[in-house]
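First, one chain by itself in structure tokens, the form predicted alone.
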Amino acid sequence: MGSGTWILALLVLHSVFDGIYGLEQEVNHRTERISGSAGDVLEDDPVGRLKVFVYELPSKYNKKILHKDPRCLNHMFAAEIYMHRFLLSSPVRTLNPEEADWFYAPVYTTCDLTPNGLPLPFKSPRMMRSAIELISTNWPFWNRTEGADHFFVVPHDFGACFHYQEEKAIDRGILQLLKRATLVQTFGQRNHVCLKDGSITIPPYAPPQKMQTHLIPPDTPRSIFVYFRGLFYDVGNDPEGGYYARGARASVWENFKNNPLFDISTDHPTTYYEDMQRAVFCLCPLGWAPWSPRLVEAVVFGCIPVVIADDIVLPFADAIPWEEIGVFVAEEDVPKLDTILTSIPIEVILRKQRLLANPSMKQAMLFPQPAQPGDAFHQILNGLARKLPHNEGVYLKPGQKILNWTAGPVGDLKPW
């Protein structure tokens, strides 16, 4: 693009910012409620609509692992820990398993961390298998349904496929013993072997208290048009390039690294959260998996998420109108990103910002301590409640078996 075109683009951008800021002042930062049933669903209260029995597993499956490495409390996979803590004191918990609608087994499968703080998924299948063997031996409830009225939180990159590289995750497939259970997972991609029907897609964990301390005045002008901080290449795991993020992040960098409309870098400044609150659009491209905490951060900070991840299934899609608050760009269209974003009318941008300013939208993406009405914990429970009552096919006939306990890689069958 020639220098004259860039000058024109900057002039257009300046007028866009002026228009947005002026109209923001005019409407006095009104928020907009989600219309129709989606808004009602987002504000549902699950209490009284379901009862959950929490298995008391030996601490080696959860608390002892966390005690060994407390970093698990702060990484983006921590939903499995906080969901356990929430349920222990939740009014939906029942101590009588005979009256339970759902059974929950607290297994922390992402808490085996490398020195860099990344979860190692290689022991996770054996760990999960061990927990299920324990449950099926010590309680009668698993065997009634082979897990069809049980749910598990599996926040790995590719959920219960338990691998961080997609090709290997696909080869593994979902752990056989979880084929009938409901999986609560961050991974979501349509027509993918690692997302089974009936799963509940949730946001990754992002620290609510930390984000709260970085809030800036809501009337601060959004002077950055497009913002992104993160990797464009993963040389360590993808030395030849093209596999990481299916090349989408590399395309962002190669096409827009010198574009004045794009504030993009591998640097992660101390003002990262503040910068997102000064941006109109925040890029949320896929990495090794389609999802990342950027989606949560963008929603919380009112920055319109630009989702670049083909066929992604987003969190709580039956309650959050993602098409109305975000922008979706096909991976192959990344080179046209500047044209796509500058072509969006100001009134469309403003409506997305009003929807994002709705507190219920932000709350649904967070796992706060303590829990708050409408937060991600409650959205998970709402999702479970909407699956009730269980149909007759959930319960097995006497002697009936569906799951194959010896299926899967040989390594998964070793004791944990």
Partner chain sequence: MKQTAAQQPNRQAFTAFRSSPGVLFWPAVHVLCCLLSAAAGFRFSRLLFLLLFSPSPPSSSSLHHRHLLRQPPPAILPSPPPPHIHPPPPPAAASNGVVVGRHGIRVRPWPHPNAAEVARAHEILARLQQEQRRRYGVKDPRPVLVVTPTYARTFQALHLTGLLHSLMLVPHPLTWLVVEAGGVSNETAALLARSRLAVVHLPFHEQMPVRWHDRHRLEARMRLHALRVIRENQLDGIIVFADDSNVHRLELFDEVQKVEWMGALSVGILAHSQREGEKGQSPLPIQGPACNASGHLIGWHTFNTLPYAKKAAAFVGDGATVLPMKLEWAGFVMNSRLLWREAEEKPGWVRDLDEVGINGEEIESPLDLLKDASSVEPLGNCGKKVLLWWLRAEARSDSKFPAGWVMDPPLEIIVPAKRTPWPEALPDLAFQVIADDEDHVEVHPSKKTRSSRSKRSSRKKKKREAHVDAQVSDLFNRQEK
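Keep in mind that this is a model prediction, so the values were computed, not measured. Numbering follows the first chain given and starts at 1.
Although not depicted, the form predicted in complex with its partner chain is the subject of the following passage.
Of the candidate stretches 218-226, 94-102, 140-148, 313-321, only 218-226 contains residues with a heavy atom within 4.5 Å of its partner chain in the predicted bound form.
Between the options S90, S130, N259, T201, the residue in contact with its partner chain in the predicted bound form by a heavy atom within 4.5 angstroms is N259.
This chain lacks the partner; the member of S292, T182, S251, Q176 within 4.5 angstroms of its partner chain in the predicted bound form by a non-hydrogen atom is S251. Taken together, the three residues Y233, E332 and A357 all lie with some non-hydrogen atom within 4.5 angstroms of its partner chain in the predicted bound form.
Mapping the unseen interface onto this chain, S136 falls outside it, with no heavy atom inside 4.5 Å of its partner chain in the predicted bound form. Taking the partner from the other structure, its partner chain in the predicted bound form has a heavy atom within 4.5 Å of a heavy atom of Y243. In the predicted bound form, its partner chain sits within 4.5 Å of a heavy atom belonging to T342. Its partner chain is not drawn, but in the predicted bound form it has a heavy atom within 4.5 Å of N255.
Of the residues in 171-194, those that come within 4.5 Å of its partner chain in the predicted bound form through at least one heavy atom are, in sequence order, D171, Q189, N191.
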